[in-house]
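Consider the single chain below, provided in structure tokens and representing the form predicted on its own.
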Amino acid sequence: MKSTFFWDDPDKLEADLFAIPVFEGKVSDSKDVQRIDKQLDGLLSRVVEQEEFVGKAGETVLLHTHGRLPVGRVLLVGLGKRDEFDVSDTRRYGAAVVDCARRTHVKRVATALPPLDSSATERVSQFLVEGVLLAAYRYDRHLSPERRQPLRLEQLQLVLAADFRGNPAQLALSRAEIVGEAVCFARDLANDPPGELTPSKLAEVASALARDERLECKVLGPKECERQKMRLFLAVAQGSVEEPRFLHLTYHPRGKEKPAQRFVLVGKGVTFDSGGLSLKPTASMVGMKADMAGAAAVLAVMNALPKLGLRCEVHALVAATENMISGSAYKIGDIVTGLAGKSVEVVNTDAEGRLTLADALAYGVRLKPDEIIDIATLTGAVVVALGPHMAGVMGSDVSVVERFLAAGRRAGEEVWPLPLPRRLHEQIESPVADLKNAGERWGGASTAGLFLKAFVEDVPWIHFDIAGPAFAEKDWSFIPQGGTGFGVATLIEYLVSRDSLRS
């Protein structure tokens, strides 16, 4: 699909479908509605009245112009109440346009922008194109041809005011395409069957990504990980016939100038989680192919970085393994010492993600970053606390956490701060080791965070628990059932904003 802008006389606009967004109770205020209604001798307003369309969120009206206009169909999309509309909600408008385009099999679509202040045009344009790209996504590679529903959309035109030209417009389009591509890349990885996307296969994906995007890539096998003393990671891996892989990708900015900053991104890479000897029930195991959604997110970000041209140095780390049940699986009561030199008593083999992350974080600390961020489908407790659509954010530095939350809000992803109470640390203290790998039932998201905090030393650190929104049980707007790619947009927004601070 090709995305372009249209700045010419609106009467010259040609498309198979022209979409117009309107706020609730303000349908007749739209200049596009007024213009088209006049050209159709009042037909549009009559249809709006007959359909009792008032512009509620998600409400639509479709009208065929029967050749009376250069646009074949007119689609009105309700945005809901103006005071409840956020700029990022423009993605939902884009998704409504795609839904109509899919049903009507059109190839050329033009879209007006939500009637907001002109200062929001760049961001609105970006979110509109993102919404279209994300809603167009389908994971259908395993469907028979007759079950696939191909989208015939070939061209998307954004109808803009004449004064929004040049760099801002192109930047909005470019950023939208980069983010959309990255999110869909992460979705594909999270949706791949676990029998296909093994740790070795994920390493192949990372190596191919590095070749395509001119990144550095280092892949460590079991022997190399043992030499690194990553024994927490290897303990989780020892129950599977699939060998683990530790992935280290590096993005260096172009040019000889010293990088402004160095960031480390750590993604949880458990390609399938059975729970180990603390075996999950079947219902809880469904969707565990996406327990590597954190890894998918950081690989997707690395895919985007060369296109963004940031001046910071970024490392992505993934400890990729399965957590399986077998005679060689690690056991409750085991005591394991990892890369950081801290011993851990295993009290729950289904609290495996934090063990893999602990060694990855310790490895990341040795890279001497300015900041380190981990992203993981880590705890069911965060879903209990925040629900299935919101991610929890914790960290060692309040100002860094606030910056990260702000980036999440700008990116249009639902994020919320969670605490790291010192009194809860006693839950992960062990009489026989430095730490336990799990605490009590209460405060489980925070005790998991406290466990990870023990491995980052004094490096400013963010823990991003995406267990709720990483995998969707059903379709919603631009979010498909299955892997969602959640977190990619926030990480990109955060890195871009941190990079711009050094301008």
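All values derive from a computational prediction rather than experimental measurement. Residue numbers run from 1 along the displayed sequence.
Another form exists, predicted together with a small molecule; not displayed. Remarks below refer to it.
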**OP:** Report whether all of R354, T377 and A467 sit within 4.5 Å of the small molecule in the predicted complex, measuring from non-hydrogen atoms.
**Re:** yes
Subject >> Heavy atom of K280 within 4.5 Å of the small molecule in the predicted complex >> reply: yes
Original post:
Does the small molecule get within 4.5 angstroms of any non-hydrogen atom of A340 in the predicted complex?
Top reply: no
Subject >> Contact test in the predicted complex: Q170 vs the small molecule, heavy atoms, 4.5 Å >> reply: no
Original post:
Applying a 4.5 Å heavy atom distance criterion, does D350 contact the small molecule in the predicted complex?
Top reply: yes
Original post:
Which residue among L116, A381, L405, V205 has a heavy atom within 4.5 angstroms of the small molecule in the predicted complex?
Top reply: A381
Subject >> The single option of A454, V27, V459, A438 touching the small molecule in the predicted complex, heavy atom within 4.5 Å >> reply: A438
**OP:** Among 211 to 219, 129 to 137, 236 to 244, 280 to 288, mark the stretch whose residues have heavy atoms within 4.5 Å of the small molecule in the predicted complex.
**Re:** 280 to 288
